[in-house]
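This document opens with one chain alone, in structure tokens, the form predicted on its own.
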Amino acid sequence: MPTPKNYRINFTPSLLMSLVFIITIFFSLSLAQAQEGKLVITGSSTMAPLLLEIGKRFEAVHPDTRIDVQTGGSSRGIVDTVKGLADIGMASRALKTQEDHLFGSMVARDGIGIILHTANPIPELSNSQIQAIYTGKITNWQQVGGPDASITVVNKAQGRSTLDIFLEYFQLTNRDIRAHVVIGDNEQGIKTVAGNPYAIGYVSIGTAQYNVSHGLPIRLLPLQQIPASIDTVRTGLFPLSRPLTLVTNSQPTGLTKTFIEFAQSPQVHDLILQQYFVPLQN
């Protein structure tokens, strides 16, 4: 039987440099591939316009990545994330105690404000008056110093975090509400009030201010004599505010982590301000 031959490789400096180069290229390609792909983000209609813009900017930096943003309410974002139908859920609220198995990453803050048509002269409503309007105890604007006209109550559909926060703040249940119109997203609520001088609704302050700046005939009422604005939300004075949260099944990793860190960074503060939300203080 022939004796096995021993082969020896001489690791010359040039060969070592070539190996290092090959290994470097391999890991660079692996890292690049890890940052490629598609992220599906679903949930809050309040957050969707902002995430669409952040997604476009992220795609410009990462041209091999696609960000798919779908609305449907905060509840959808939570459910889709739990079921694995979405990589990231959008929830325009903090996570609840029963959702502590999920991981939340705040990207901005927003408030919820009461809106009227600009033709409605009512300057302010107290918390008790708002409660009475939404429970059907006050049905005419004349009862709160306004014109002799029936009040059209606009409420949010179930599954919307804006509804949950409104009910909690005013110590109501959805069964207490006597609504004439039930809407889904903020834009529907704003268009409903903009088209009816005697309607009342409640929506994202950021979305309302954005639409006011684009000429829609609505205005935000103060709450507890505090103006509803991005400034009072920023300073913490406004009593009805909330975090805008990106939700994942666990602590983010890979492309998901890269995107969330981008959404929390100063690189998108201008986009957050354009939507009249409050950026994180980095």
Partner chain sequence: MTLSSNNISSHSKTDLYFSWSLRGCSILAGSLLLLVISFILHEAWPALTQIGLTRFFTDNGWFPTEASYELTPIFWGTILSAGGSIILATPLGMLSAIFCHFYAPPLLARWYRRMIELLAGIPSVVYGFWGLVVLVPLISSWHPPGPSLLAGVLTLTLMITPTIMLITHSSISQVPTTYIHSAVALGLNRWAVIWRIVLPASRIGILTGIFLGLARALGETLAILMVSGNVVQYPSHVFDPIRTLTANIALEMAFALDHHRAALFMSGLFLMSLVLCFVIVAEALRRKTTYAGVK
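Bear in mind that the values here come from a model prediction, so they are computed numbers and not experimental data. Residue numbers count along the first chain shown, from 1.
As for the form predicted together with the partner chain, it is not shown, yet the points below apply to it.
(request) State the residue from T152, S75, Q209, S105 whose non-hydrogen atoms include one within 4.5 Å of the partner chain in the predicted bound form. (result) Of the candidates T152, S75, Q209, S105, T152 is the one lying within 4.5 Å of the partner chain in the predicted bound form.
(message) I need the one stretch from 133-141, 170-178, 97-105, 200-208 whose residues put non-hydrogen atoms within 4.5 angstroms of the partner chain in the predicted bound form.
(response) Of the stretches listed, the one contacting the partner is 170-178.
(request) Please check if G145 has a heavy atom lying within 4.5 Å of any heavy atom of the partner chain in the predicted bound form. (result) G145: no, not in contact with the partner chain in the predicted bound form.
(request) Would you check, heavy atoms only and a 4.5 Å threshold, whether V82 touches the partner chain in the predicted bound form? (result) Residue-level check for V82: no, no contact with the partner chain.
(message) Is it the case that Q158, even though its partner is missing from this view, gets within 4.5 Å of the partner chain in the predicted bound form, heavy atoms only?
(response) Within the cut-off, so yes.
(request) Check whether P123 has any heavy atom within 4.5 Å of a heavy atom of the partner chain in the predicted bound form, and answer yes or no. (result) No, P123 sits far enough from the partner chain in the predicted bound form that none of its heavy atoms falls within 4.5 Å.
(request) Would you give me the residues of 172-200 that have any heavy atom within 4.5 Å of the partner chain in the predicted bound form, in order from first to last? (result) Read in sequence order, the residues that approach the partner chain (within 4.5 Å, in the predicted bound form) are T173, N174, R175, A179, H180, V181, V182, I183, G184, Q188, K191, T192, G195, N196.
(message) Quick one: with a 3 Å or larger change, is the S44 to N211 CA distance smaller or larger in the predicted bound form? Answer closer or farther.
(response) It is farther: the C-alpha separation of S44 and N211 rises by at least 3 Å in the predicted bound form.
(request) Compare the CA separation of A179 and Y276 in the predicted bound form with the one in the displayed structure, and answer closer or farther (the difference is at least 3 Å). (result) Closer: A179 and Y276 approach by 3 Å or more in the predicted bound form.
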